[in-house]
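To begin, one chain is listed below as structure tokens, in the form predicted alone.
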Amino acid sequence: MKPPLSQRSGSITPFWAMEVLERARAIERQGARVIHLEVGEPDFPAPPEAVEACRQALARGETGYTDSRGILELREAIADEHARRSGRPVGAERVLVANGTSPALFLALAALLDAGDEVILATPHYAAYPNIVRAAGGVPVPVLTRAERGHRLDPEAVARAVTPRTRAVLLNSPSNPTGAVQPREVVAKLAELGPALISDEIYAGLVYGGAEACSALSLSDGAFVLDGFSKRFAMTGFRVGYVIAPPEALRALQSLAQNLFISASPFSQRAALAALEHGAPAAEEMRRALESRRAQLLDGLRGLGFELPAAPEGAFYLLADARRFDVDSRRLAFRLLEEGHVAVAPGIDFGEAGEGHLRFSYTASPRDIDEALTRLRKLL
């Protein structure tokens, strides 16, 4: 007998970048070499101090539960960093550490939403956003951004999308998949609209060409700010993220975390603390390398006939218009994988506005980027 699955579970769509990755792994098990441009995973090592801190924590036997909000020293370090970043005081009591930034987002949404409440988000958007909103009982409401405008979000368009059911505006700057960095005046206007502002700042620090990413904390004490260690510190497998929340929301977030996740692993939290204390040089070295790779891949894709009206200002993705090759992004992505052994993310992953596009991650080495371009040139 088949289990009666919920309507909510049926509304969760596949994460197509992960589907591509999993198929690529199967191809690799058959002996082929696949070049991975599909997932946002830096090919740099984690800061050595973070690895050593994790090793020492394991050797000391730090393998039990921690405070559900996270180790106090880590929360204090996070608060100090964001106070420096925003120019405003941030207390450790406002920080809750989670098993990654997506769980932190789910906690924030679960604290804010009742069934049927709405969350406005820019589109193209990170693939998981609408599904996390739906999993929390909400309804995602996309607001279109356009490549020719650098995917800048129009606050007036957001205001027009607000209804009595709107509970939050979800912002991602720098953005996945577009690399857009929203100007300070845009963030300020979003903070003034009324609904809670949830600002995903996981790519903070990964900006190029003089761009500056504005933290929502610099503008509003009422914002929920998400961040973590996967991207800037190349620590995807450590699974540590966090939310900085308004004081009045912390008790609800803590109760949700206690029941859903208990706590993040202590050894990963020790690694995260070491990354904050010692990892800035490694993070800056990676940022400089990524800026060079961005130019390499951007020039190469344009040379192949992909349309990219503007260079992204942050993160490590290029969302390229591929409609001259195929309007069906899933079909094209899997063709490139099966025939060329180049893994990329189909644009439909990032909403209907992304269809006909492919997302390329420039976290691969320069050598692999060159090889990927050579393979694509032969195939296309």
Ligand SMILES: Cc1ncc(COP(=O)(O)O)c(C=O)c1O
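Sequential numbering from 1, following the sequence displayed. Being a predicted model, the structure only gives us computed values, none of them experimental.
Below, we refer to the form predicted in complex with this ligand, which is not included among the displayed structures.
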Are G100, N172 and S230 jointly within 4.5 Å of this ligand in the predicted bound form, each by at least one heavy atom? yes
Which among 243 to 251, 143 to 151, 293 to 301, 195 to 203 is in contact with this ligand in the predicted bound form, heavy atoms within 4.5 angstroms? 195 to 203
May I ask you to check whether S268 falls inside a 4.5 Å heavy atom distance of this ligand in the predicted bound form? no
Residue contact check: S215 to this ligand in the predicted bound form, 4.5 Å heavy atom: no
According to a 4.5 angstroms non-hydrogen atom cut-off, is Q182 in contact with this ligand in the predicted bound form? no
Consider R167 of the chain shown here, and say whether it contacts this ligand in the predicted bound form, taking contact as heavy atoms within 4.5 Å. no
Just one of K189, R134, R85, R239 has a heavy atom within 4.5 Å of this ligand in the predicted bound form. Which one? R239
Does any residue in 120 to 140 get within 4.5 Å of this ligand in the predicted bound form, counting heavy atoms only, and if so which ones? Y126, Y129
